[in-house]
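Here's a solo chain for you in structure tokens, the form predicted alone.
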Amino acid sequence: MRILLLTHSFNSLAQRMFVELAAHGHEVTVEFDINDAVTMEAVRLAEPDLVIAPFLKRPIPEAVWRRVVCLVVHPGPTGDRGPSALDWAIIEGEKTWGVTVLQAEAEMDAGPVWAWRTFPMRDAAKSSLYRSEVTQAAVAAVHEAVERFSAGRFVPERPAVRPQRPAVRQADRAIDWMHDTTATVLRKIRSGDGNPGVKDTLFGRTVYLYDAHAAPGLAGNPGTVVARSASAIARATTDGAVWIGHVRDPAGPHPFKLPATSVLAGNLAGVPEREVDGPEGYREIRYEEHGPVGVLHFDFYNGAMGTEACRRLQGAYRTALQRPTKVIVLMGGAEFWSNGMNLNLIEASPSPADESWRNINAIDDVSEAIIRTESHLTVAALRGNAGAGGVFLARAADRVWLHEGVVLNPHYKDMGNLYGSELWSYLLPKRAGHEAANRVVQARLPMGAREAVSLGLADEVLDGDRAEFPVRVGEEAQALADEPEWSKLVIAKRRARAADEADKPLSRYRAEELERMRLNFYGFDQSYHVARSNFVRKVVKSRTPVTIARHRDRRLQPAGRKAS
């Protein structure tokens, strides 16, 4: 069928829908919900059999839902209504939640239901639940709804609906530091993680809090900042403390999310410092060992790897190489493996060009260290999404294993035509061939796990529950370490690397990439700096990129029909 995805933005759920529906043989195009006129024009141009709205912030125009069936994905169970469904579920400690696919009508969230799924709630941030359980449930429910619509026999039922709940206010999330426990504080901050954050006061400044985790072993007078560690501050609760990794100061010079210690640097004199990644510190990197398999976890907020984070990761990787293991698994984080450079830190630096240069060199150092590893077999195991340089950093490993629900964005060009580095010009043609490599970096499209394997960006897809992914990876890594031919595999790897080096040194690939990146950072064309600033400051797009709005691509229009 022809399906139009109508969405507020091309977020993780919309991307997964795009990939999944296309993989099932549907002709999928996307339109950002900018205003009614644009939406109606998109329906006229796309002539869809079905409109699916994975992520909306306002009602679909009546002129649209009366013309074509519109299915809305609501992140709540059947009968739930309102714009803050998942926020309320976290705040109120719901044990089970769900996703409903319902038909758009005049009354919001009250139309007939085409499909639904439920799932157990985890103690996790809203953004984490959304990218995992909500997305998985939404994909399954949408597939079922599309099949029912296509068959033409299903009659959706109108459920008994609850009164529409209002949007969560800051007052509903407000933290009472003198009375709230660690669990309560975490629940409140997690309910607003991603957007809009939790409004609070620190050192007399009004800020918004994000990225909260329990801080075992720390305590103090409730509400006081009792420790700092790398990017995070620890604030005491009535029964312990929480790490707060990121804050946003809307009145500051950089009114977007930044590491808490960066925003509050002038207020932290005398605050005890805990070793980053240590037992009482803020932990982003940790290493564990299972016999001959070493597993390196690195969980950076939103997958962004700044200069300092890359240097810490490289140090941890070098330490792991010294262990008497055979296989090193680069596990990344639960939500993201890596999204490349930390654009927020770059935007906030005195010289974004200089910080971009430092950051790309630091991440290149990590990529090169992985490629040049001769003592171990290396595995990049992705249970979370990856984008831009993060995709090619993963490809630096000998094996890349993906969870079936992973979405990759293996391109840089949407960020102001960045050329990209991480040694992609060596890694991608080697795995995918030159023709496919060129197609991948030019397409500017997300791809699913199986397509990534077919193109050589990955080697294996691991099916099953996302929570069980680390267990599956551990079993396969153990089998790889126990392989009788392990020594021969390592020798073959060394020989292949030596042959590649003789043909063209890795240093030349890196120098050529960085020369192009230098032009992006320091050249006359300011596209990268404009795109980065707009991305960090969440400037709403005024139009949908034609790469995904295929109904607006003149090259794809039938003769006699013009796109606007």
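In this text, residue numbers run from 1 along the sequence as written. Computed from a prediction, not measured in an experiment: that's the story for all the values here.
This protein has a second form, the form predicted together with a small molecule, left out of what is shown; the following refers to that one.
- Look at 280 to 288, 484 to 492, 387 to 395, 74 to 82: in the predicted bound form, residues with non-hydrogen atoms within 4.5 angstroms of the small molecule sit in 387 to 395.
- Out of the listed residues Leu382, Val329, Met341, Ala234, Met341 is the one that sits within 4.5 Å of the small molecule in the predicted bound form by at least one heavy atom.
- Interface residue among Arg58, Arg66, Lys538, Arg497 relative to the small molecule in the predicted bound form, by the heavy atom within 4.5 Å criterion: Lys538.
- The closest heavy atom approach of His403 to the small molecule in the predicted bound form falls outside 4.5 Å.
- Thr544 falls outside the set of residues with a heavy atom inside 4.5 Å of the small molecule in the predicted bound form.
- Within 4.5 Å of some heavy atom of the small molecule in the predicted bound form lies at least one heavy atom of Asn409.
- Although the partner is absent here, Met121 is not a contact residue: none of its heavy atoms lies within 4.5 angstroms of the small molecule in the predicted bound form.
- Contact check at 4.5 Å (heavy atoms) against the small molecule in the predicted bound form: all three of Phe10, Gly194 and Glu422 pass.
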